[in-house]
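Below, in structure tokens: the form predicted alone, a single chain.
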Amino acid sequence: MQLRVERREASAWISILIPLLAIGITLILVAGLVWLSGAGLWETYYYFFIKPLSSRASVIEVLVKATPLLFTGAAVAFAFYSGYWNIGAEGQLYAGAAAAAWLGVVLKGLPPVVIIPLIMLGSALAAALWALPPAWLKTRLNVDEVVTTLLLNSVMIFFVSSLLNGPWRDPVTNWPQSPTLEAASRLPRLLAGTRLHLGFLLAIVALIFFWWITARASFGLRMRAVGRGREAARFMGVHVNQVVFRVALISGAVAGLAGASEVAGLHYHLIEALSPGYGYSGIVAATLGSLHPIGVALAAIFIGLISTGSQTASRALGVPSFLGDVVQAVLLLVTLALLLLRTYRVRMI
């Protein structure tokens, strides 16, 4: 008797069930850590998932935290859809943020209707350029993009750190941050008196663009073919390397918009701690959302809920605030395991 691993076709309802099952299993696995922290399980989960939804202000804060995740989730899902494993959304986010901080100062004096689109466009272009080397190495030399995109994250983060601790250091406070953007360079607020800004709507537009490309455009059909099997797509006449190259640049550009929205919509200057790992959390959102725009949006908001809830639980119960990061990490591993079981099965022969 031998065991053989083989692919299997999963029904649509299983794809819908996997995220819910992954969340349930994650909560069970994390329960032990909650118990070790000395807090009550149900009380902790209440502050994690229910309390942030109990008031208008906290719901808006969930959406604020979800905004960069909507961008990075869309960027990662767009790349993964075509089989290009872009793990560099974090570095691309910082590339876009650095471009936004620079353009906001260089273009000061222009009206908001001109300067804001230029900032967003410039940030997308800068991030796409940062995504260019891994894309070129993949399509020309077949170098593994997981390695190159991941390593370039650290390169960009250290580059930004050198800028902030060097020429961009605030001359007045001597604090490592770029010059503050003027009012004309800032994204307008969607709701007065809140932190929710135009970046949230732009992130929704990015997801709609993702849906339109994959569901309505011929390029989306070629992406799907490449993602399912590159050799088969090449046999069908698809220019595989051309598709992968374009997807990599578009994915990087969308991730760069996350950095621009954080700089121009929330902080108004570039700082080293701009992202607590939004690029990596985007991988969780893309995976949990099954690479579908609606699923990615829901997953990003759910992760925003976890981020807000972890801080609420930490203040109310004294549990470690990084418990939210643990939940995200476990959620990713559980989701990947379930997706593996959905795609493959072990058969006795």
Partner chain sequence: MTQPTTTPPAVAMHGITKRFGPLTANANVDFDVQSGEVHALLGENGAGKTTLTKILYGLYQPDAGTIAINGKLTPLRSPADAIAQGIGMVTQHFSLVPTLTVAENLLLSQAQGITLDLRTAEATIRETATRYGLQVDPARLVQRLSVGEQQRVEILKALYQNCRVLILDEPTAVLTPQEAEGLFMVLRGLIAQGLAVIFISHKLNEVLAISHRVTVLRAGKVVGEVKTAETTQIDLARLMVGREVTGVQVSATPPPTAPQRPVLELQNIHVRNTQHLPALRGINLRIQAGEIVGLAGVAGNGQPELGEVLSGLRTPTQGEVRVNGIDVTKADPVGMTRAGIGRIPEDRLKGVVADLTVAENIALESLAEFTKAGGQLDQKLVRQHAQSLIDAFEIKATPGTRTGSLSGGNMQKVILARVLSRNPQVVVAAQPTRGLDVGAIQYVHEQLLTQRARGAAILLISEDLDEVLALADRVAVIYEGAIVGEVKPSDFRDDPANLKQQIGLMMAGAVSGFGEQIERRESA
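Quick caveat, the model's predicted, so the values are computed rather than measured. Residue numbers count along the first chain shown, from 1.
The same protein has a further form, the form predicted in complex with its partner chain, not shown here; the description that follows concerns it.
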Even though its partner chain is not shown here, does it sit in the predicted bound form so that 157, 164 and 166 each have a heavy atom within 4.5 Å?
no
Counting any heavy atom within 4.5 Å as contact, can you tell me which stretch out of 100-108, 240-248, 118-126, 220-228 lines its partner chain in the predicted bound form?
220-228
Evaluate residue 195 for contact with its partner chain in the predicted bound form, applying a 4.5 angstroms cut-off between non-hydrogen atoms, and reply yes or no.
no
4.5 Å heavy atom contact, residue 189 and its partner chain in the predicted bound form:
no
Is there a heavy atom of residue 207 no more than 4.5 Å from a heavy atom of its partner chain in the predicted bound form?
no
Quick check on residue 234: any heavy atom within 4.5 Å of its partner chain in the predicted bound form?
yes
Please pick, from 201, 215, 137, 271, the one residue with any non-hydrogen atom lying within 4.5 angstroms of its partner chain in the predicted bound form.
215
